[in-house]
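We begin with a single chain expressed as C-alpha cells, specifically the form predicted on its own.
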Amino acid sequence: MTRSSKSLSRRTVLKSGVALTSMLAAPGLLRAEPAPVKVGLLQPISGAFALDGDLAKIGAEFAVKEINDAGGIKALGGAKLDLVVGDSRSNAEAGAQATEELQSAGVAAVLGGFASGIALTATQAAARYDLPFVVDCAVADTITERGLKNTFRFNPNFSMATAVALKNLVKLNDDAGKPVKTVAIVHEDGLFGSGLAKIMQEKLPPLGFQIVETIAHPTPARDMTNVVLRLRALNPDLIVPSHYFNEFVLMARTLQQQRVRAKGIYAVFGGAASSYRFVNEFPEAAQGVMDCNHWGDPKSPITAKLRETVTAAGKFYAYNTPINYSLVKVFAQAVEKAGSADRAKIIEALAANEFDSGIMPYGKTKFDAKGQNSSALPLNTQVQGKDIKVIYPAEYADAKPVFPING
C-alpha cells in the first residue's frame, strides 16, 4: 500500500512535470480567456417603436466594440462584453417577458427599457432576481419611486426635464419680446404623455402662459385631423406636444396641410422633433420645430462617429443612439469598480460611485438614493434647415434659436 502509494506519487509528479513543461512551452495556455460579461439590452426591436430600438442597438453595439477593442474589462482580466438583445415588442407585457428571457440567458444586468410603460414592468420583473436594471429613455417619475434597489435611471425624469424645458421656454419667449401668451397642449394618453401634460398644466400658468386646451389622443393614432381642426379653432400662440414618432409626424404634417401656423411648436420629449428621419422625409413640416429631449453633446467627436455609423447603415440618427452608447459605458465602469460581474456587487457599485457619462451632457453620473441620475440633463434642439441644432443650454449650443417661426 505504501509502496504503491509512493510509486503513484512519483508518477503523478512526473506527469505533472510533463504537463507543466508543455504549458511553459505554450504560454498562451496559462492565460485562458476570461469569461465574457453578458449584458442585456432590452429594446423594442419589433412593433410600433422598432425604429427606436434599432437605433438604440446601434449605439450599444458601438460602445461594446470600443470597450472590447480597448482590452475589455480590466478588473476581470480583459473580459469582453457580450451584448444579449431582448425584444420588448413595443409593449409592457412583452417587455417583462423579454426581461425573464435575459435573466435566463445569465446577463449581469439589463440596460434600456425605452418607454415608461415597458420600463415599469421590465424593472419589476428584474427586481425578482435582484438583476441590475439601468433605464435609458423612459421618463415617468414612478419608475424610481417604488423602492426597487435594482433599478437605476440614466436619463432625466418627467420633473427634471419639464423644469429645464419651462426655464428655457421662458427665456426664449422673453428674449423674443414675449410673443407667446396662449398655449395648447397635445399629448398621447399613455403614462408618458399624460404625465407630462399634467405637469405642464400645473407649471405653465404661474409663468404667465394661458392654457387654452389640453388635447389627448391614443397611441397608435391613425389620423390627426380632428386634433388639428381643434387647434385651428383655438389658434394658440404655441403648441406643446408630447407623443411618439409616428403621432408627432402625423400631427406636424396635418398642421402643414391644414395651414395651421402657430408661432412655435415646443415639444417635450417629442418623438420626431429630434429625429433626422423626420427632418429628411418631411423637411417643410419639421422646419423650426423645437424639442427638449435626450440628446448627445454635439461637440463630441464620438457624436459625429455615431451619426456616421447610423447614416452608413442607411438609417436616420436620433437620440436613442448616443444615450445607449453612453449607457453601456456607464455599465462597464460599474463592473470595473465592482471588480466582479456579480449582480449584487454591480448594484452596490452603481449606488456608491459616480461615472463618466459618455457623450451625454450629464457631467458626472451619480445615482441618488432612489436610483435617479441626479445630474441628467435634457437639451433643447431646433430643426434648422436640414439639421438639428442644440439651442440651449449655452455650453452645448451650436446655434441660436429662431423664434417666433410664424408671425
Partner chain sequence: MYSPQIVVEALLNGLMLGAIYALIALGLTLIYGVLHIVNFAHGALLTVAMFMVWLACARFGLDPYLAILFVAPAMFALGYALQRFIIGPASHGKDNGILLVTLGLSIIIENALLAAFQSDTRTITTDYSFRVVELGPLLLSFPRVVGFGVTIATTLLLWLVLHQTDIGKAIRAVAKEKLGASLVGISVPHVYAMTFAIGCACLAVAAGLLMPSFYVSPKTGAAFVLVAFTIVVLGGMGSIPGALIGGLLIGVVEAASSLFLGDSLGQIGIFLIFIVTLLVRPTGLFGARA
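Here the structure is a predicted model, which is why all the values come from computation and not from measurement. Rigid core here is just the name for the largest C-alpha set that superposes within 1.5 Å across the two forms. Positions refer to the first chain, counted from 1.
The next section is about a form of this same protein that is not shown, the form predicted in complex with its partner chain.
Remark: of stretches 168 to 176, 216 to 224, 330 to 338, 137 to 145, the one touching its partner chain in the predicted bound form is 216 to 224 (heavy atom within 4.5 Å). For the candidate set 250, 191, 76, 197, a heavy atom within 4.5 Å of its partner chain in the predicted bound form is found for exactly one residue, namely 250.
Screening 277, 299, 128, 149 for any heavy atom within 4.5 Å of its partner chain in the predicted bound form leaves a single hit, 277.
At the 4.5 Å threshold, heavy atoms of residue 82 stay clear of its partner chain in the predicted bound form, well away from it. Contact check for residue 233: a non-hydrogen atom falls within 4.5 Å of its partner chain in the predicted bound form. By the criterion of a heavy atom within 4.5 Å, residue 51 is counted among the residues contacting its partner chain in the predicted bound form. Proximity of residue 229 to its partner chain in the predicted bound form: non-hydrogen atoms within 4.5 Å are present. Proximity to its partner chain in the predicted bound form holds for none of 303, 375 and 396, with the criterion being a heavy atom within 4.5 Å. If you fit the rigid core between this form and the one not shown, you'll see the Cα of residue 329 move by less than 2 angstroms. With a cut-off of 2 Å and the rigid core superposed, residue 243 has a Cα displacement that reaches or exceeds the cut-off between this form and the one not shown. After superposing the rigid core, the C-alpha of residue 309 moves by less than 2 Å between this form and the one not shown.
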